[in-house]
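Next come structure tokens for two forms of one protein chain, structure 1 first, structure 2 second.
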Structure 1
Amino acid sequence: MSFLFGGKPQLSSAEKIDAALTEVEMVSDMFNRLSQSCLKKCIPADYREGDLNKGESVCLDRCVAKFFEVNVKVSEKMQGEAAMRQGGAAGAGGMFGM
């Protein structure tokens, strides 16, 4: 009953597993998008060497840094907008809609 007094309701094992699976899928998707995007930008289609050269390495480093920077900014923006929507809805209704 802790959820009645502001605490979070406890998740069941199935809900925890579903949340973990969703998180793994999201991380896998982000990694795949990062890999595809930076590979296309930084690595030429015709491989000349077995190892990355200096330019390719620097390009990949910058690409990954920018990808994560944008990802953080978008996440912060979305969380801020969600908080504003929840704050606006909670402020308008009050407790039990009164």
Structure 2
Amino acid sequence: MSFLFGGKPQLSSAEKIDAALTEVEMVSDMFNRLSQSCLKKCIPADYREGDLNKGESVCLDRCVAKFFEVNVKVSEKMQGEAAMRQGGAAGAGGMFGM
């Protein structure tokens, strides 16, 4: 982005650290939510053995993959919607411009 405005944006130390922390937080928050859902969905409440059995392991693997897929799908849909709204607004603006 910085190339758009010529120089590098001058961020203060505090801002840079906050930005880095926010990024880490977003990832760890996503992981926490994923863990909560996948452990709940894949591990039944009867603890017959302490190890993960085959079914549970495969379920966890697939759960992670699907969680990411849902993330991407939702983000795409929201972006599409935002673009459509902007497109609509621009169209309306064009009409007014006439």
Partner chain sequence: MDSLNPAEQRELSSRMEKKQMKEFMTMYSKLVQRCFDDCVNDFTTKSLISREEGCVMRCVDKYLKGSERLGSRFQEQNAAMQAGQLPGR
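Nothing here was measured: the structure is a model prediction, and the numbers come from that model. Superpose the two forms; the largest set of C-alphas matching within 1.5 Å is the rigid core. Residues are numbered by position in structure 1's sequence, first residue being 1.
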Between the first and the second structure, which is the form predicted on its own? 1
Determine whether the C-alpha of Ala82 shifts by 2 Å or more between structure 1 and structure 2 once the rigid core is superposed. yes
